[in-house]
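This document starts with one chain, in the form predicted on its own, laid out as structure tokens.
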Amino acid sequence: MMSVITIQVGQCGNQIGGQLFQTLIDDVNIKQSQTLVSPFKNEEYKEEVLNRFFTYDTTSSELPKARAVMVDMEPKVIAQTCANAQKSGKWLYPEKQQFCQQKGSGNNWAHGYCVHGPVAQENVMELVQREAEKCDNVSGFLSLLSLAGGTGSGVGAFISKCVRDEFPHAFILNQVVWPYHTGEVIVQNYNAVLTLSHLYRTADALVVMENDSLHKICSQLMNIKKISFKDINKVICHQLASFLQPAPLEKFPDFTIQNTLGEIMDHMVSHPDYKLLTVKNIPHMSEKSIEFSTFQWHGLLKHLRQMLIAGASMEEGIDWQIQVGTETPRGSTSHYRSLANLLILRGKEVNTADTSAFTDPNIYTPWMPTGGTLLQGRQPRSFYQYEKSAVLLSNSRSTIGPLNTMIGKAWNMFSSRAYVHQYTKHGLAEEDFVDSFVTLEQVISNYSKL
């Protein structure tokens, strides 16, 4: 069994981690009648989930314990997250797998990376090692953090570097949350530029999610009136779980493999210059609406494909004018070209769904071999009460718009040296800023050429 160790850093990372394990457990515990598979098949699925993300003993009555390491510079959020897990009565966090101090990083990346990170290094890596020793086989690490703050971004980037040094052959998938454009923190663009550039050097891939898009999904698809971070975290975890939960992948004709972290990374990141991934899944709706809705695979996949080529984050408000193969006056393509895609269908009649539209060579960059573009999986077991659902993990050009905006804002501040002294006093040099800008400009340049 290939296990995934989750590393939760900072307030955002710990809250998302808590919600992710809850989503995984809730999915496992849906009624047998909703699973659409036999009790034996459902039991197999359940066992796979528990072995992948939790440690548990089938012979004892103890609750499953999350394979997780929790890190924050303030104790409050970790205590709250652990208490919520216990309150669920379905799972727990392991004892003594938490590291926290009494003072936060004050939204300052340098304070997290240069001060808190090195102080925490020995203790945190001991916790990671201890968690790894509980696994028969480590598939990789899932690291959860925000880009905007100080602890999640600064300490998170530092810990990712330490994990890479300690486990040079393990897969590291970072899930990062892009801040609101209007901003929660004045220096969020600095923090985001520094975090992304450092993670780009250490992680195998980064799953990027934008708060603005997640907010739209909550208001327009879930019909939530007063949107909280908890609502946004639920959407994030729904998207993560929809490709992380077990599903057989068709590697070759008549040959399937499990969707382990390694297999996903291997397919999605075939070139080290292209590491930014986005997740699109369909349908998205409030629990009340699910029971009154029916879907056809043809309709779901038609929308999902258009979301891919138009760079849309949800099925509402897609630009249907954009077509594959249409060129702009300058000769570049108007659709978002992909390097690789992973498509997983779950639920009823998955084997009847026609996915040939996703194999269209025009969707992909011309230099990718045909066999390396689309990997697909079909899982007859339903996901989270949805009779039919599909998820698309995509390595495409769609990430460079928000990245460009963010770099522009950060560079405007940096060119007038605004707030730079707050970073240099903790040991970060101005050259480090410049290196980060150069790294990300190169990323944009690479993706623009797809």
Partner chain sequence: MAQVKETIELLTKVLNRNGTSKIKAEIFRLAKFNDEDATESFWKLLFELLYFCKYGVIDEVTIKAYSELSREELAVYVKREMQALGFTSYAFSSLPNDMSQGSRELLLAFAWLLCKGSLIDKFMDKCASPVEEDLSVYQLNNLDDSNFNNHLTANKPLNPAQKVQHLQYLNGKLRSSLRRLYALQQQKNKLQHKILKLLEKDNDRLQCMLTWKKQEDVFWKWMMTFYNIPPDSIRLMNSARKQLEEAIMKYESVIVQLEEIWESQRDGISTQELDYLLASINMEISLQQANLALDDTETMLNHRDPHLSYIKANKQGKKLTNLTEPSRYSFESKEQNDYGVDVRTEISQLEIQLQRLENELFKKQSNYKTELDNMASNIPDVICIQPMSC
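None of these values were measured; they are calculated from a predicted model. Positions refer to the first chain, counted from 1.
Not on display, but discussed next: the form predicted together with its partner chain.
query: Looking at 158, 171, 178, 93, which is the one with a non-hydrogen atom within 4.5 Å of its partner chain in the model of the complex?
result: By the 4.5 Å heavy-atom cutoff, the listed residue in contact is 171.
field: Contact assignment for its partner chain in the model of the complex, among 165, 291, 354, 136, heavy atom within 4.5 Å
entry: Exactly one residue meets the criterion: 136.
Residue contact check: residue 201 to its partner chain in the model of the complex, 4.5 Å heavy atom: Residue 201: no contact with its partner chain in the model of the complex.
task: Give a yes or no for residue 320: in the model of the complex, does one of its heavy atoms lie within 4.5 Å of a heavy atom belonging to its partner chain?
output: Result no; residue 320 lies far from its partner chain in the model of the complex.
Proximity of residue 372 to its partner chain in the model of the complex, heavy atoms at 4.5 Å: Output for residue 372 is yes: heavy atoms within 4.5 Å of its partner chain.
message: Contact with its partner chain in the model of the complex for residue 89, defined as at least one heavy atom pair within 4.5 Å: yes or no?
response: Residue-level check for residue 89: no, no contact with its partner chain.
- request: Select, from the options 236 to 244, 189 to 197, 266 to 274, 110 to 118, the stretch whose residues sit within 4.5 angstroms of its partner chain in the model of the complex by heavy atom distance.
  value: Every other range fails; the passing one is 266 to 274.
message: Heavy atom within 4.5 Å of its partner chain in the model of the complex: which residues of 229 to 263 meet that condition, in order?
response: Counting only heavy atoms within 4.5 Å of its partner chain in the model of the complex, the contacting residues of 229 to 263 are 251, 252, 253, 254, 255, 262, 263.
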